[in-house]
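The chain that follows stands alone, in the form predicted alone, written as structure tokens.
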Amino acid sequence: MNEPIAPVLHKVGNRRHEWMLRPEGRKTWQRRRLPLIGRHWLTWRGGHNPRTLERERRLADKRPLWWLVGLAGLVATAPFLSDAMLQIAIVFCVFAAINVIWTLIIGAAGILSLATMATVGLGAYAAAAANVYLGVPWPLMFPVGLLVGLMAGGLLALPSTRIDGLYYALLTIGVAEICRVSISQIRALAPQNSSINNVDSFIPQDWFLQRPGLLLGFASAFVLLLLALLLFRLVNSERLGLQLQAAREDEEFSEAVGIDYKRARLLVFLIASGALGVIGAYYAMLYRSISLNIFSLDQLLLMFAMIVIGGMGRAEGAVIGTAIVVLIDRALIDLGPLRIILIAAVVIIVTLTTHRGLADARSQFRAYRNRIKSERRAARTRKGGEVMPEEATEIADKQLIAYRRFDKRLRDRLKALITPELIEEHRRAPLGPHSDALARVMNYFRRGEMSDKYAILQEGDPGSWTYSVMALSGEPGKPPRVVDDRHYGSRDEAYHAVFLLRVNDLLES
């Protein structure tokens, strides 16, 4: 005896894969906030499952999770890296921190400054000179770098109020070159090949360039990167960032509603310049020396390539671009000058294939995929259905397109069943029994939507009832409308009149 085969059920479509929680409906949500800034750890949105009607919480922004996975993976793999790869990781953290702060200037503030490495170099030279010549201990080198960075930022911020764009970029390049030449001419500041050596450091002398020193240097560089990301978050997501975002949308409107976006830009520029000065002091302590290479145009162009590859205006873009360029420049050092050509090729490919760097590639791919899907849906709707091609791209619930297409085919079949004999059959017996063809037509009419559905209104006194046809609005509180002024003496005549109206609507659809 053959056993019955269980049916195989296949899922038709699926919801987007999201991080989802199902809290109890009677409990209130407790969303924890970050200290000092009052923001939430994660951004959740509430809703319900349309099938199970269960309460759900969906993670609206998954970027914090990706940051956690990436940074935690870097920390977990660092102890197992070789000394050469550990040095590359340290360089990555330092330059990623610089690029994150630079993103505040060119992204949030909208000031195209190319004097980033000049500010870092000035902070490094000032902190190193204070330590070597004035005996300032290494913990106080950070305030020295902060002060010099603020002074350099203040001098660079003054021209930004009068000129911007390419002219300001050329000006900052000139300022960086002036700083390099000036320091090279001050023999008392840097007598040995324009460099300052024997700078005190948080890394003990015995550990310098040794495994413990490299691990300590990576830990400190990683903390520096975290502080740079925190500063980016505090500035870009709070009041200053919102003001600058409004100014990027419409400067005239922002000024009209009282937003002083120029002051906000200058303030962000000063904050970023002070942070770059601190990074410069850390740079001098990390390598126990500082030289003019930090002012070189080659280094500036590599930093600019990192921003272009990753994407301007986003912290994740600065980190991704830095990782790619540092890996090519440091890990493939055996290639020699070819690695610079490889970086240039990556920059060209990224600029030709993406709009705003690799950080925005995911959203750009989604937009491209949705456009292709919309074009395919539009092509399908040309074959039948009540959805126009230009309308199909705007319908969010694609089940509606399938339902309209099915309803179109069903109406075409029912139109073939409408004959004078079918109409006469309904006139003789509106309430049945009905043939198979008439039952199919009546079932379709009964399943119609409530809006504009016909109904019978009974009026008069008992024994002398009269009937008229109304059309329901389908909206609560909105009365039905009168279809015509005709009155019928019996209920069967009114039923048949409604049937004729529905048949006429079916044939004209």
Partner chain sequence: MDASLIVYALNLSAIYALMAIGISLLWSSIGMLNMAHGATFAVSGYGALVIGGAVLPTVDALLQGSMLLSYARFVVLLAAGAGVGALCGGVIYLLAFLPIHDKANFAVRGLIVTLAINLATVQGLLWWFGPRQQALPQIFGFGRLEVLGIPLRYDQAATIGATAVLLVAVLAWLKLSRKGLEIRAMMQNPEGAALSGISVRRAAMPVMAITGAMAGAAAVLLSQSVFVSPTAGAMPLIKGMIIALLGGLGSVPGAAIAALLIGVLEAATGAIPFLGQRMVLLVQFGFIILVLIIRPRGIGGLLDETRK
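Fair warning: this is a prediction, and the values are worked out from it, not measured in the lab. Positions refer to the first chain, counted from 1.
Omitted from view is the form predicted in complex with its partner chain, to which the following refers.
Novice: Leu352 versus its partner chain, in the model of the complex: is there a non-hydrogen atom within 4.5 Å?
Specialist: Looking in the model of the complex, residue contacts with its partner chain include Leu352, since a heavy atom lies within 4.5 Å.
Novice: Can you work out whether Pro143 and its partner chain are in contact in the model of the complex, taking contact to mean some heavy atom pair no more than 4.5 Å apart?
Specialist: Pro143: no, not in contact with its partner chain in the model of the complex.
Novice: Applying a 4.5 Å heavy atom distance criterion, does Ile341 contact its partner chain in the model of the complex?
Specialist: Residue-level check for Ile341: yes, a contact with its partner chain.
Novice: Although its partner chain is absent from this view, report whether Asp298 comes within 4.5 Å of it in the model of the complex, heavy atoms only.
Specialist: It does: once its partner chain is placed as it appears in the model of the complex, Asp298 has a heavy atom within 4.5 Å of it.
Novice: Between the options Met312, Ala323, Leu267, Ile90, which residue brings a heavy atom to within 4.5 Å of its partner chain in the model of the complex?
Specialist: By the 4.5 Å criterion, the partner-contacting residue is Met312.
Novice: Exactly one residue in Asp407, Asp83, Glu177, Glu425 has a non-hydrogen atom within 4.5 Å of its partner chain in the model of the complex; which is it?
Specialist: Selected option: Glu177.
Novice: At 4.5 angstroms, heavy atoms only, are Trp66, Val69 and Leu231 all close to its partner chain in the model of the complex?
Specialist: Spot residues vs its partner chain: no contact at all.
Novice: Using a 4.5 Å heavy atom cut-off, indicate which stretch of 209-217, 281-289, 129-137, 162-170 touches its partner chain in the model of the complex.
Specialist: Heavy-atom contact with the partner occurs in 162-170.
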